[in-house]
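As structure tokens, one chain now follows by itself in the form predicted alone.
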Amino acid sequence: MTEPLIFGAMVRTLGAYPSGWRHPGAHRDPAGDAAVLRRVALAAEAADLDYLFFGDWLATGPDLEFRDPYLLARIDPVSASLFLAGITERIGLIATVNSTYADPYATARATASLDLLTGGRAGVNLVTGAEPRAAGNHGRDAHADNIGRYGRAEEFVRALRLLWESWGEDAWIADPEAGVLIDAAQLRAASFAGEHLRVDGPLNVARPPQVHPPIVHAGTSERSRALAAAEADLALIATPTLELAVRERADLRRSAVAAGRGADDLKVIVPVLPVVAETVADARVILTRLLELVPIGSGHRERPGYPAARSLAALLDAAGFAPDDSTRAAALDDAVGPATLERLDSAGIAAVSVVARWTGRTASGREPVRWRHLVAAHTVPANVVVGDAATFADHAEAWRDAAATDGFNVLSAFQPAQFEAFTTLAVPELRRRGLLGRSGATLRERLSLPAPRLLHAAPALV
């Protein structure tokens, strides 16, 4: 029998689509994030999803309002995980840590604590950072280069594992008669010294139930893929097509084997943004509204950080229209007629294809494609699946059967309604088809990961 797919919820309280916060009824004030986190966590656990995933970003600025509003102000991921540890009972909690700026001892301590408090439900997503402004927030003049960041990340993983292993499995004797609390021979120092990091240890937190909480990593560079293949338990890849996902998953699995691991030791996860409703038509109405709520036009161009490419003029430039073409006089809400569609080059055709797939609108249909839709689809790409429960289940089944992924990180365009639509509508269909419903007492077991390879590299303290 084929094992169910892995399903995690990538939690973004202000929604994962840039205009999601504007949708009627959507959560839009970070001051109320606690209530949304609680609501999402309980819905995810009731749906038997495998984990909640909390990303991070170590800076903010007005440009994020248009590009990624959810990054403007967000709860620290470890804090969010600890908050939900006492609210949930079974679901995994994966928190992001930036190894470029974080301290390995503090990270090992926080994640081991989370694992202990949840009975083995912790995971850590290690990132190396891509935001130059983060350097100044951490007292540095510049963001580290790619080589330095990944060199530090590789050492960070080893330091974490050595610290997590500080206490041997039988270190706690707790014999009141003999007056012996620990076996000191099973308390090990990390004794790690690398080019970028040095950690003495041992860790002042007891042995985590999973020993090594699962490590997650995402990235596109050669060094990032190498780190994922050698060290990660989950590799996150963002691929626009099934065919590319098949190739990338196969490449990562081969690299894992080359690094001395089993191919199944590394699970490859892709993001997906389902817009789900009772009917396909209803889901298309939601998606159309999201496109229409994307800020576009001259009214925003004077705002700090407004993306220059998000305009009709920029789309026409990309689609090959001459500077003096009469089409440039069109209004954003004008319909795009068949004659104009025939003049579009690849960029314009791609936008038309996306709009048709997401909304069902065509140039000759009853509901026309408008320039506003094309600009939004062209400048705000996303891995969107629009439809009813069967539509999403078909998508998940096709990707599983093609060996394109081991599972999905589910994003929601806005909270909490769209996530709850996914859990109440799509999840029962996924479960009926055997696509969802894994088991395991710990996150590591639930993800079907092997027992961790213990380092035991450091000598005992006595």
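Residue positions are given as counts along the sequence shown, with the first one as 1. Predicted model, so just to flag it, every value in this text is computed and none were measured.
We do not show the form predicted in complex with a small molecule, though everything after this point is about it.
- Among A130, A258, A106, A281, the residue placing a heavy atom within 4.5 Å of the small molecule in the model of the complex is A130.
- A single residue from the set P202, P307, P271, G360 has any heavy atom within 4.5 angstroms of the small molecule in the model of the complex; that residue is P271.
- Figure note: of the listed segments 319-327, 282-290, 145-153, 362-370, the one touching the small molecule in the model of the complex, with heavy atoms no more than 4.5 Å away, is 145-153.
- Contact here is defined as any heavy atom lying within 4.5 Å of the small molecule in the model of the complex, and by that definition each of W57, T220 and I237 is a contact residue.
- Mapping the unseen interface onto this chain, S113 falls outside it, with no heavy atom inside 4.5 Å of the small molecule in the model of the complex.
- With a 4.5 Å cutoff on heavy atoms, N98 counts as touching the small molecule in the model of the complex.
- By the criterion of a heavy atom within 4.5 Å, S224 is counted among the residues contacting the small molecule in the model of the complex.
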